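Each of the two blocks below gives one form of the same protein chain as structure tokens; they are labelled structure 1 and structure 2.
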Structure 1
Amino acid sequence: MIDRGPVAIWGVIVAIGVATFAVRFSFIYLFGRISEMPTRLQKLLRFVPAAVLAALVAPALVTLGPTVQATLLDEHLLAGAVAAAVAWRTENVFATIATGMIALWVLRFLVL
């Protein structure tokens, strides 16, 4: 639970919003002055989605347990593996969420 006042929360929201707008507007604003993005930056940005998304997903699915077995037999990891298979086959956000949640519920309430 958040342990902060409304000023801090709104401050964070506005700060992220302003910075994100600056990112969105950057080249749309500059076009005419700078028409090309530096190649180095372009190469780096190519990896942002994969790296960021994986860093968001992995810790939510894998919690390092005391043993290998405890780590692998985790309901989040197992449900995540089922969802990953669906994501790979369908590339559909809704199907991935639905399968993952149902897998979690089956594991939590019926199996483990």
Structure 2
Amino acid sequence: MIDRGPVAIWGVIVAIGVATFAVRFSFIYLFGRISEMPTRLQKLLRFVPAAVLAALVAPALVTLGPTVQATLLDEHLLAGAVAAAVAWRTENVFATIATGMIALWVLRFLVL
């Protein structure tokens, strides 16, 4: 392991902070200069929140087991499927979260 001094570490932290600010500010600056977004871009941007949510949730739901059966019968995946069904039917965030948590607890402590 290479030993770096505190100046190098702080330099990296500052550089990463500046780079992060530049990336975020570039979008603010870019959209401040554009008076109207193209319709096609607006249609594509509607799916960004759902895609980000799926990217955050999917790795927590799907864990690879030693067999396909173990993967499909994982309590997280089953509880997520129940929560997805409730979300689809009710479109209620609280009902989705509550049902998913209850399903996970039931599967974890009572069934599996």
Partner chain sequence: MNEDLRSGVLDALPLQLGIVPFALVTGIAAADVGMTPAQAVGMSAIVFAGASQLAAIELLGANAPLAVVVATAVVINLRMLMYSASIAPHFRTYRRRTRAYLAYLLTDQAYAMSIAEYADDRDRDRRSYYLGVAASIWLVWIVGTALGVVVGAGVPESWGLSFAVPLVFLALLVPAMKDRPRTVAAIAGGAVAIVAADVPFNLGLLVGALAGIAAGLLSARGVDR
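Given the structure is predicted, the values throughout are model-derived calculations rather than measurements. Under this definition, the rigid core comprises the largest set of C-alpha atoms superposing within 1.5 Å between the forms. All residue numbers here follow the sequence of structure 1, with the first residue given the number 1.
Asks: Please state whether structure 1 or structure 2 is the form predicted in complex with its partner chain.
Replies: It is structure 1; that copy is the form predicted in complex with its partner chain.
Asks: Once you line up the core, how about residue 106: does its CA shift reach 2 Å between structures 1 and 2?
Replies: No.
Asks: Once the two forms are fit on the core, has residue 88 moved its CA by at least 2 Å between structures 1 and 2?
Replies: No, because once the rigid core is superposed, the C-alpha of residue 88 moves less than 2 Å between structures 1 and 2.
Asks: Given a core-based superposition, decide whether the C-alpha of residue 97 shifts by 2 Å or more between structures 1 and 2.
Replies: Not so; residue 97 is displaced by less than 2 Å.
Asks: After aligning on the rigid core, report the distance the C-alpha of residue 8 travels between structures 1 and 2, in angstrom.
Replies: Superposing on the rigid core gives a C-alpha shift of 14.8 Å for residue 8.
Asks: Can you read me the CA shift for residue 43 between structures 1 and 2, rigid core superposed, in Å?
Replies: Residue 43 is displaced by 5.1 Å at its C-alpha.
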